[in-house]
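Take a look at this single chain in structure tokens; it is the form predicted on its own.
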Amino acid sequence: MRDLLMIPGPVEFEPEVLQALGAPTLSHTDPAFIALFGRALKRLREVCLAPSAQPFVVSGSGTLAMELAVANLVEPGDAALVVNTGYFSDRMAKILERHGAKVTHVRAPPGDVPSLDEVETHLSQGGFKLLSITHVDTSTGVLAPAEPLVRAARKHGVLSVVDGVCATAAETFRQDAWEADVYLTASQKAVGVPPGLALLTVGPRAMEAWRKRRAPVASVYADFAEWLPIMEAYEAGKPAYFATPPVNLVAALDVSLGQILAEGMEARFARHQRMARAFRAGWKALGLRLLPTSEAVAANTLSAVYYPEGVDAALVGGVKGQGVVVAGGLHPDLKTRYFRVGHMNRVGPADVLSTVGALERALAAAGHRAEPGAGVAAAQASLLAG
């Protein structure tokens, strides 16, 4: 029997997506592939609610998506402000520094987000070219308040780059309405495609900033100048070549984006919120505590949960023994103190109840005392409440 995969990516994928991945590979200049790639680009705009943005679909991981944004917008000596909520905010800072940026962090203790006032104070001092926000930090399960942060950047004339790797297509985000400049993500989480695609929607101000660069982009592979003609050609229904695209992954992306749009973005955002509420109800009934300091900053795409007293990281293996795969901690200061459960993409009530039940049984085997069935009952009650 196959285990249920409930880590924060890769996640469970729809059968139709996997079917596209396993189909015979087309030439990257085949008219059928050109058509589906062009359609996937249009659909990516729709999923990100970014009709004015230029989409990019490039072979690589979410880290490449981060690097694509930074490499094209930052020149040596530029100042960047990082709203730091965990491990992946640190990674963004590392990439910014590697490309010559002078980085300032606005930090909060693990599990919290910096205050908007503190971010505004830094922005009002002037001199920043870019503000980076990790919409959901996969290491902490913290959801940043993307809209007010993006709007603050816009007010101060600073470009906003939002890392949506663990958020896109699950957490509410309206790129054009909020005037966010770059939204970047990867395929293997809520976008619902196996790992291997770096995805970005780049708004007009960011594209203009790239065009006004004084120095060439340091990386050939990351240069918009190489990729923009390819994206424009495919969307126009014409063949083009820079580097061979991952044909089957793009086909799978087209299928998944079509499914996401068929569900509807508002319905999809609401479903992820409902499933997250049910998980949180289950954790609370089991006497467990979230790493995020409040529900207001708790992501809807994953739960980061402290081990209860007397239970350690062996719990992850115990849960796998119950047929569900969850993940250990990732934040370097806390990694042995908590575990993570992904709940995104195709997650539904059966997944919630199966996962909470597996945790409940594994906790009991580890000696944690809770009322038998309490976690599943609480999650079920939350699901029934809607």
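Everything numeric here is computed off the predicted structure, so don't read it as measured data. Each residue number is its position in the shown sequence, starting from 1.
Not pictured, yet referred to below: the form predicted in complex with a small molecule.
- [ ] Give a yes or no on whether every one of 281, 355 and 382 sits within 4.5 angstroms of the small molecule in the model of the complex by heavy atom.
- [x] Result no, not one residue of the spot touches the small molecule.
TODO: Give a yes or no for residue 166: in the model of the complex, does one of its heavy atoms lie within 4.5 Å of a heavy atom belonging to the small molecule?
DONE: Residue-level check for residue 166: yes, a contact with the small molecule.
Task: the small molecule contact at residue 62 in the model of the complex, heavy atom, 4.5 Å - done: Close contact exists here: in the model of the complex, residue 62 approaches the small molecule to within 4.5 Å, heavy atoms only.
Task: Close approach of residue 186 to the small molecule in the model of the complex, 4.5 Å, heavy atom - done: Yes - in the model of the complex, heavy atoms of residue 186 and the small molecule come within 4.5 Å of each other.
Open item on the list: Test of understanding: in the model of the complex, would residue 48 fall inside 4.5 Å of the small molecule by heavy atoms?
Closed with: Residue 48 lies outside the contact set for the small molecule.
TODO: From the candidate stretches 128-136, 218-226, 291-299, 148-156, select the single one in contact with the small molecule in the model of the complex, where contact means a heavy atom within 4.5 Å.
DONE: Stretch with heavy atoms near the partner: 128-136.
Task: One residue of 66, 359, 44, 341 in contact with the small molecule, assessed in the model of the complex (non-hydrogen atom, 4.5 angstroms) - done: Checked against the cut-off, the match is 66.
Task: Option touching the small molecule, based on a heavy atom within 4.5 Å in the model of the complex, out of 210, 88, 234, 178 - done: Contact residue from the list: 88.
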